[in-house]
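Take a look at this single chain in structure tokens; it is the form predicted on its own.
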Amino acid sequence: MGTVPAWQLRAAFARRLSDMYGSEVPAYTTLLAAVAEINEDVSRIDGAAGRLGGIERVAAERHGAIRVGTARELRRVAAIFGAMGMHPVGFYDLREASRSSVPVVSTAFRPIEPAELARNPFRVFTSLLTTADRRYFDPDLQARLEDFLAARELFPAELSELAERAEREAGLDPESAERFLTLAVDAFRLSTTPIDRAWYEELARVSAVAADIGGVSGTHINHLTPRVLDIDRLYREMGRRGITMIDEIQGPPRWDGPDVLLRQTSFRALEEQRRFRDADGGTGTAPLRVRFGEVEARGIALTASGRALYDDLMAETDRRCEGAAPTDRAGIAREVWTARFPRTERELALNGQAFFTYRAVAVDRRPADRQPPANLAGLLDQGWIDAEPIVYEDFLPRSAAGIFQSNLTDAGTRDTARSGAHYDRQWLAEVIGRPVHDPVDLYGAQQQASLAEARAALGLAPAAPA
């Protein structure tokens, strides 16, 4: 009968989730069509388009976003994604990254091995409500919110049992795999259960995000994100197709140098009719705006020093944009980057500012009359090794918060006179019961292993770790 391995469960889940979301949010289907058209055009015209992942991978690539309310719910989510070979990577504090009221901390579940990412790089950005943060929730509201969350059940026991078995046995038999996928997709479908209007509105006065998490009986896919090879063209194209986009593309600017980290944007959250229950027991419908369609363009993963430079350039752009028109920001950002950011992949590699996979060239391509030099610059410049940029597989808290914020109709409330509760990666790992990987460590290990293998192939001793 055979076993359906984790990567096939992951790929099938991503496809089915995309189909389901498209049936619920037709604008997402429009987004997919535009993305496919642009990716085909770019890959046909630009021979380097596959340098950060071939077109087959890019076409299949998605990231989703979900929101949960409690540590227990997060542990259940971790088990479901663990069954599909997805591990928690990174810690993102959106409370500090947003000007609006966004009381969540987040991680992303994704594959961590390069071979698994190549098979299917599905990721789910997962946010947890920070109910203990006094800037948003006073003791009374916290108690009532946590009681409400404790009383709901997001995931059926059968789904959790199948997830645990899949992770334990490295897959499922075909019949069990089909049941697991059906239950998993259904768990993230938008609920039709009526919403308590008074409770939802009370939370929404604090934060629309808090209401979307803690004001309803279930969870749902908040957005699904395809990857596009030209996000600026996509942004214009969606407008031509009658879809209203948020005000700007988040992340690094478009410029003449290397694409790094992550650029992302979205169409505005759609007005969807939802059923509400009133205090008198009656029900009615009212519009809510909580779901949107995001799109992303991925670049090269940066090292800690490269990321520090990126953060510095973003801060400089902010300073120079004070008092400027919003439409001027893209041009100002390009000026800042052109002046200060490395213009080539070689500079990024030699400066130790970005991650690459290194490979010794084939024997017939190596210089015949020389010995390989010991240093990286010589190996690259003399043609002994090739450098392939490592794709940034993760997220940017400022960009994520910017998209959350752009899709809110109300900024909510936050009492800045109070102290916020402390959350960090170690706390999150203890809550989940699994290690939360540091993405920089993952990229660094991948680069170091490839460089050691390349040097060994050339008869060189291993280089000291960067």
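Source: prediction; values computed, not measured. Heads up: residue numbers just count along the shown sequence, starting at 1.
The same protein has a further form, the form predicted in complex with a small molecule, not shown here; the description that follows concerns it.
*Asks:* Does residue 223 reach the small molecule in the predicted bound form, with heavy atoms at most 4.5 Å apart?
*Replies:* The answer is yes: residue 223 has a heavy atom within 4.5 Å of the small molecule.
*Asks:* Using 4.5 Å between non-hydrogen atoms, is residue 264 touching the small molecule in the predicted bound form?
*Replies:* It does: once the small molecule is placed as it appears in the predicted bound form, residue 264 has a heavy atom within 4.5 Å of it.
*Asks:* Can any non-hydrogen atom of residue 403 be found within 4.5 angstroms of the small molecule in the predicted bound form?
*Replies:* Residue 403: contacts the small molecule in the predicted bound form.
*Asks:* Is residue 67 close enough to the small molecule in the predicted bound form to count, meaning some heavy atom within 4.5 Å?
*Replies:* It does: once the small molecule is placed as it appears in the predicted bound form, residue 67 has a heavy atom within 4.5 Å of it.
*Asks:* Exactly one of 292, 337, 109, 356 has a non-hydrogen atom within 4.5 Å of the small molecule in the predicted bound form; which residue is it?
*Replies:* Looking at the other structure, the residue within range turns out to be 292.
*Asks:* So which of 384, 395, 122, 136 reaches within 4.5 angstroms of the small molecule in the predicted bound form, heavy atom to heavy atom?
*Replies:* Only one listed residue qualifies here, and that residue is 395.
*Asks:* Tell me which stretch of 38-46, 51-59, 395-403, 420-428 has a heavy atom within 4.5 angstroms of the small molecule in the predicted bound form.
*Replies:* Of the options, only 395-403 has residues within 4.5 Å of the partner.
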